[in-house]
Ligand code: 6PG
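Read the single chain below, which is given as structure tokens and is the form predicted on its own.
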Amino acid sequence: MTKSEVGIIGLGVMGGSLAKNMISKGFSVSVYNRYTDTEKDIVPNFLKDTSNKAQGFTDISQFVNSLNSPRKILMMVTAGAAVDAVISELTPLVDEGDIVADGGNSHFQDTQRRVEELKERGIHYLGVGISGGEEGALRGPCIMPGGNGDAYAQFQNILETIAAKDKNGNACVSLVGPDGAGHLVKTVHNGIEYGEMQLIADCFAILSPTHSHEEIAGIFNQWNQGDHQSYLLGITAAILKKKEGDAYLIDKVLDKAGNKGTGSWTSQLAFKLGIPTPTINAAVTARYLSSQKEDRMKLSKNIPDHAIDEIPSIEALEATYRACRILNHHQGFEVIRAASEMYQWNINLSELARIWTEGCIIKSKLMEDFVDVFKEKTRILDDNTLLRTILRSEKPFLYTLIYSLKYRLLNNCISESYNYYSFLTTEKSTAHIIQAQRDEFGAHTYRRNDRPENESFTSNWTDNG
């Protein structure tokens, strides 16, 4: 039997599409999927779809033996216990020097643990973030590997060949950093994605009472021709125009958003690192609130209708959307920067932005701008051009916020972005009140602005004698 260059475990939407991508690029591929009553046809159907150009297995031992050494295996299975279960099956079958890669949405700390566990057996482990959905996986995704450089080098040609290409023709794949770095940046990618999606939904909420679906789609399409150009804005315009018979399909979609946890992982990581991410947090919260459909239906009956007697300013909304997007990305990249420092990963933010310019869900014109920003600056808001863009947007930003509050229109990410911007650009905060409160009830001490910063004080705040 001819040995294959690469093996893929798991023929779900992403795994099957990546395997087809590899086959189309001329790689010899072995595929494996477990055999159960509900999955018994997956491997035969895949082989039929690909005209038997791959080797297919439901026996994992035969699958492993079908691969060239050192073996290169990409797991495309559900994050969590399923990954550990597959690793347990693989470990006795693979040899020292073989490479096992996890292309799912695993938590980066799980990846760190698995790297160390497999290292003891001489097996290389890569945590590979992959973005692009089914279409991207099939035609060219964005790929974010993390792990050992030598192991990545052996996988590099395959990953670069199947990846999307940026505007200069370079593959949208790069070794992000050691162990869990690839899965961490994929997690934050998804957090930014949550924010981007909810910002568009906020704009829809503000426009929908006074504009038809076709009109909103037209506005989004117009925005998408300029500096707002993005994959998400483009598909939203198309979604709003889709009809089922004479009715718009979007009006038949239940307003309960699903999530796979990566958005909340970003928020949790941000809290751990002490990095504020209110735009992302608001997007996560909005999804959780949407799932409480029954409660919302019940409570909404107590709220009187709000007549809307004015049309929102499209220009102000556009400026608001522009500012919010910059702030959303700033928050996400700040999480990555802080994590890179904590784990000493030395992540190149410019290179990360570059591979995010094509193939992934958050690809956009703005992301292309960040490639150059991070060549000169550490943080997005250190760039004077982007900061001035937000400063110029303050009045329309405030107008949009007031309009949405006046007419009780959902503005989850817009309002939190404004509060974030307002706080971030205010020299004197209210934290002195907090510090005094903490000192009074818990003797936590405080520092004074008229004394050296390394000195601590405590007072009896309620004794005015």
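Numbering starts at 1 and runs along the sequence shown. Remember, predicted model here, so these are calculated numbers, not experimental data.
There is also a form predicted in complex with the named molecule; it is not shown, and the following applies to it.
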### Gly140, heavy atom within 4.5 angstroms of the named molecule in the predicted bound form
no
### Message
Can you tell me whether Asn259 touches the named molecule? I mean in the predicted bound form, with a 4.5 angstroms heavy atom cut-off.
### Response
yes
### Task
Considering only heavy atoms, tell me if Asn190 and the named molecule come within 4.5 Å of each other in the predicted bound form.
yes
### in the predicted bound form, Gly234 touching the named molecule (heavy atom, 4.5 Å)
no
### Query
Which residue, Asn221, Thr285, Asn105, Gln156, has a heavy atom that falls within 4.5 Å of the named molecule in the predicted bound form?
Asn105
#### Entry: Sole residue of Ser131, Ser174, Gln331, Thr111 within 4.5 Å of the named molecule in the predicted bound form, by heavy atom
Ser131
### Query
Tell me which of 74-82, 116-124, 367-375, 181-189 has residues with heavy atoms within 4.5 angstroms of the named molecule in the predicted bound form?
181-189
### Message
Could you pull out the residues of 360-387 that have any heavy atom within 4.5 Å of the named molecule in the predicted bound form?
### Response
Ile361
